[in-house]
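There is one chain below, alone, in structure tokens, taken in the form predicted on its own.
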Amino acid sequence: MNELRAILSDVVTRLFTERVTRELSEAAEQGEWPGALWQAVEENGLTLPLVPEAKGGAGGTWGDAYVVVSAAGRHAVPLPLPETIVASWLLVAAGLDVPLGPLTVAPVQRDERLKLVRRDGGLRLDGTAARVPWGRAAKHVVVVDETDGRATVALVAAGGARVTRDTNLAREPRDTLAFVGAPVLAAAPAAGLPHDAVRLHGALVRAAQMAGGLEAILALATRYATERRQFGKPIGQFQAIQQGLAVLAGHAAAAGMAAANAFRAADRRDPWFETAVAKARVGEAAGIGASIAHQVHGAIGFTYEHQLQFVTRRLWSWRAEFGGESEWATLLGRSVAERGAETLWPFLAAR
């Protein structure tokens, strides 16, 4: 671990352990914006790990950002931190300045598109995007559209959209934003950026969040198995519980490796294959792992008073966002089939 990652790890662990309390999580699920937590996150530079130092960021890599994003998942942080990290990176890729405050990205659904058009002497944004993460809380929205045959990154004030509120299973905001001629504050082409950059990097950070969440539920289940006693001994001494925890640990380890590898690929500017693998593998692990964790806890794990469900509800939500595992697995299968069977091993070995 390099110096920046060590610093980030210490900061996020201390900050989230101290600040992400049960009371804060419950208030966030009731619609209260955790402004003090956001201010602390922003002041510690956690929102801009990928922004160059000359522009006020940490000047780090995607590998550094993984430390922050996975910790956000591990602590079930009720903030658009991963979305802000992706949005700021997109702006920097286009040479644009990154504004302060929470950011989000759109569109996130596979078949949706927001269109940049020239109108009234300026660039405008039209279209509707559903299930936008933290749409009501974000100050700005970052959009990627293909204009003149190349990807263009645009920054739009969130206040320029009509907001229809909704939430996911974890009660995180997932709102519909409707833009009708919304003024674009800044826009620029980004060389080498894929047209699906929002969806791709959204899947990337969701994989890291789920990997962190799996670490959290493994720790919770292991601790509970040592504390809960049945028939005169801890339930962790029963073979069925031990087997379940071993399976959960295996999935958590595989998820962390897949997600971290995808972030390393992002530093090579070629993350599609590794991101597809990570989103599919981590999504599968999230489903199996959450099931085992709840089996270990029994009925108490489903109660709102227990920490477990704060994490598992996010795992169930995140696995479907920016494409579920079946969608990414299908895309992977098509990619392999198009290359041909004889090229699969050389391609994998070259990664």
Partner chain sequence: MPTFHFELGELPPAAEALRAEVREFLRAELHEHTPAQRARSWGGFDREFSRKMGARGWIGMTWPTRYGGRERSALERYVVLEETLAAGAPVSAHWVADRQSGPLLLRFGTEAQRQRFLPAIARGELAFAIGMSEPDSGSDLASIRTRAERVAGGYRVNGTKVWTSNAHISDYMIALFRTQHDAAKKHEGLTQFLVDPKSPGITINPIIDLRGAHHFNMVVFEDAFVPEAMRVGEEGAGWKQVTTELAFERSGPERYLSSLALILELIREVGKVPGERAAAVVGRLVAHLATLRQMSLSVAGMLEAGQNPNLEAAVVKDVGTTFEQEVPEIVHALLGVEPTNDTGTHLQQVLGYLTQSAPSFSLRGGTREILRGIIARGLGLR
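Numbering follows the first chain given and starts at 1. Given the structure is predicted, the values throughout are model-derived calculations rather than measurements.
The same protein also exists as the form predicted together with its partner chain; that form is not shown, yet it is the one meant from here on.
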Original post:
in the predicted bound form, which of the listed residues (P194, P183, G236, P99) lies with a heavy atom within 4.5 Å of its partner chain?
Top reply: G236
**OP:** Could you work out which of E18, E338, D10, E23 is the residue within 4.5 angstroms of its partner chain in the predicted bound form, going by heavy atoms?
**Re:** E338
Subject >> Residue stretch of 86-94, 243-251, 143-151, 203-211 approaching its partner chain in the predicted bound form, non-hydrogen atom distance within 4.5 Å >> reply: 243-251
Original post:
Applying a 4.5 Å heavy atom distance criterion, does R14 contact its partner chain in the predicted bound form?
Top reply: no
**OP:** Report yes if any heavy atom of A219 sits within 4.5 Å of a heavy atom of its partner chain in the predicted bound form; otherwise report no.
**Re:** yes
Original post:
Heavy atom to heavy atom, is A158 within 4.5 Å of its partner chain in the predicted bound form?
Top reply: no
Original post:
Hey, in the predicted bound form, does T226 get a heavy atom within 4.5 angstroms of its partner chain?
Top reply: yes
**OP:** Determine the residues of 332-351 with a heavy atom within 4.5 Å of its partner chain in the predicted bound form and present them in sequence order; the list may be empty.
**Re:** L332, G333, R334, V336, A337, E338, R339, G340, A341, E342, L344, W345, P346, L348, A349, R351
